[in-house]
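Read the single chain below, which is given as structure tokens and is the form predicted on its own.
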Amino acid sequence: MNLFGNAVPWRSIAREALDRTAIVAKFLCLLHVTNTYVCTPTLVYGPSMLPTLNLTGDVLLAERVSHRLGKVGPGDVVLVRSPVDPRKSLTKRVVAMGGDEVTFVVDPRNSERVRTIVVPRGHVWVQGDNIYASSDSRQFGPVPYGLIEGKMLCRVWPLDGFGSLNH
């Protein structure tokens, strides 16, 4: 009686399982690298970017390369780490870059008082498109360029709004 007679089928099954596990692991690594360094889907909701984005939520595709190459400028919608609460990311529009002068209404709901500042080098000025319901650089000041996490490429959901984010 041969105790190891059935070992050959088990080896092939184990090898097949190992090969499939390796494929899944490689796929997950590729997914992680793509999500961290190339592009990532982002759910954006709330009133701060009305009318550009929907109040109930949009899924946007954010690419994570341009800001590393210095290719972010005024008018771009960006994903920014909140300078107030680092656990949160914000989606805002870049209004001015370091060295630019920006004039803004301090409290648009209650007054027409304006203030002008020069954005420091290495910083950006970000604002929501809905100035009446946005917490942005008007409250927390210029944002260090290093807090930019990505530049929004396009809206992918809802499907009827699929495409670029024209202002």
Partner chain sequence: MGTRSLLWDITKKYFTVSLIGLTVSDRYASIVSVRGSSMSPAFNPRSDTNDYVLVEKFCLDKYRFSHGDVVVFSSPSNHKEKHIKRIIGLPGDWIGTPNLDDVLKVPEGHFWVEGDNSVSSLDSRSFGPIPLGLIRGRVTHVVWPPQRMGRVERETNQRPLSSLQDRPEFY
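Computed from a prediction, not measured in an experiment: that's the story for all the values here. Positions refer to the first chain, counted from 1.
Unshown form predicted together with its partner chain; subsequent notes refer to it.
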Exercise for the section: Determine which one of 105 to 113, 128 to 136, 35 to 43, 49 to 57 lies within 4.5 Å of its partner chain in the model of the complex, judging by heavy atom distances; exactly one does. Expected result: 35 to 43
Problem - 68, 81 and 144 all contacting its partner chain in the model of the complex, non-hydrogen atom within 4.5 Å - result: yes
Practice task
With heavy atoms only and a cut-off of 4.5 Å, decide whether residue 98 touches its partner chain in the model of the complex.
Solution key: no
Exercise for the section: Using the partner position in the model of the complex, report whether residue 123 sits within 4.5 Å of its partner chain, counting heavy atoms only. Expected result: yes
Exercise for the section: Considering only heavy atoms, tell me if residue 117 and its partner chain come within 4.5 Å of each other in the model of the complex. Expected result: no
Practice task
Check whether residue 61 has any heavy atom within 4.5 Å of a heavy atom of its partner chain in the model of the complex, and answer yes or no.
Solution key: no
